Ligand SMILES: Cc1cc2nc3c(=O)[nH]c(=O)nc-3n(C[C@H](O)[C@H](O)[C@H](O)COP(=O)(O)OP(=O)(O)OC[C@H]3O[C@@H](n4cnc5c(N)ncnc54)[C@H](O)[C@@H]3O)c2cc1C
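One chain comes next, on its own, written as structure tokens: the form predicted alone.
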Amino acid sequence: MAPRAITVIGGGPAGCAAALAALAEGASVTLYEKSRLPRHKVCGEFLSPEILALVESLGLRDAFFAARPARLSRAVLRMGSREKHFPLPQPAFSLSRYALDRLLLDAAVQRGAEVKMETRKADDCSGQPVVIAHGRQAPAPKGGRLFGFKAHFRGPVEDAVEMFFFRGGYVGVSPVEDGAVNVCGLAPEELLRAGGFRPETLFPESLQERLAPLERSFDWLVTGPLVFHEKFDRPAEAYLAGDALGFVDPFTGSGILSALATGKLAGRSAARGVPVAGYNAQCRRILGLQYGFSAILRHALSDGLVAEIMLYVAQWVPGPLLYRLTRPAMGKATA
């Protein structure tokens, strides 16, 4: 019997995870990616501890550690004069999207995926399973839109992921491989536009002090608008994975974890002939609680007073509990 032929649209973490999972099931895979890879992308680049089980299940443990990800042991939350410090339940990691995308794409090619650097639409793939992992493509009306930004810096490195909150936005700071520091955040379009889309004009004093000994390595990358959404219940003939399935607020630090988890599940489901509705139900079980809790926090952050109250209350909530509420339920994803 000929192997099942799977089409994957999108060569980022979700698409490559789908390709690797489908190949492991004996399927043949054609992967379409319209952009040149690898490349730097706006991304927090934080990898939750659960990432290890996923990379192991994809047969990538050795390659992952060969990329020299930074190891993180603690978290710091800052808003104005308020701070919260807590150890992470397990060590986390941080790896640039440039290095991660190269690692994943190389593995997919080495294991037999055919990669075509061109645009492909799901409608052109009738008669075979399709995984759509092309990232966010949701429209956003003008007014109140959010944009993301990122740059790498050089200088003193901490073993922490640090979050700096300000009204309507936030910035995360964490080390990545080779001694670089990733600074990535989100802010309303009107504030960025007022500052000439130079993110540093928005930074609170605490963040300016943190970055003072660092030197920026490349120009700011800006992307958007960012639209938070989920499509767990959307009728579809294709398996949606990664940001194409749902885009959760980046401050959770779980975007790459969710992309790999849903990508792996999509590729395996496509290869096994699992109905798309069944796949969507599994994704909801993995991501539903996280998406709900993150939506509550997103609305709170848009109101300065509520955000101050939230951070004050957070000082009395155990750090590991806050952390768990923003994690996907990974048990089913790593099996």
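No experiment lies behind these values; they were computed from the predicted model shown. One rule holds for the numbers: they count along the sequence shown, beginning at 1.
Not on display, but discussed next: the form predicted in complex with this ligand.
For the options L226, A238, L77, A160, the one in contact with this ligand in the predicted bound form, meaning a heavy atom within 4.5 Å, is L226. A heavy atom within 4.5 Å of this ligand in the predicted bound form is found for exactly one of C283, C43, L54, A70: C43. Contact with this ligand in the predicted bound form, defined as any heavy atom within 4.5 Å, is confined among 180 to 188, 80 to 88, 151 to 159, 202 to 210 to 180 to 188.
In the predicted bound form, at least one heavy atom of R39 sits within 4.5 Å of this ligand.
Remark: E215 does not count among the residues lining this ligand in the predicted bound form, judged by a heavy atom distance of 4.5 Å or less. This ligand is not shown here, and in the predicted bound form it never comes within 4.5 Å of any heavy atom of L265. Among residues of the shown chain, A22 is not one whose heavy atoms approach this ligand to within 4.5 Å in the predicted bound form.
Residues A14, R97 and L257 are all found to lie within 4.5 Å of this ligand in the predicted bound form, as judged by heavy atom distances. Along 98 to 120, these residues reach a heavy atom to within 4.5 Å of this ligand in the predicted bound form: E118, T119, R120.
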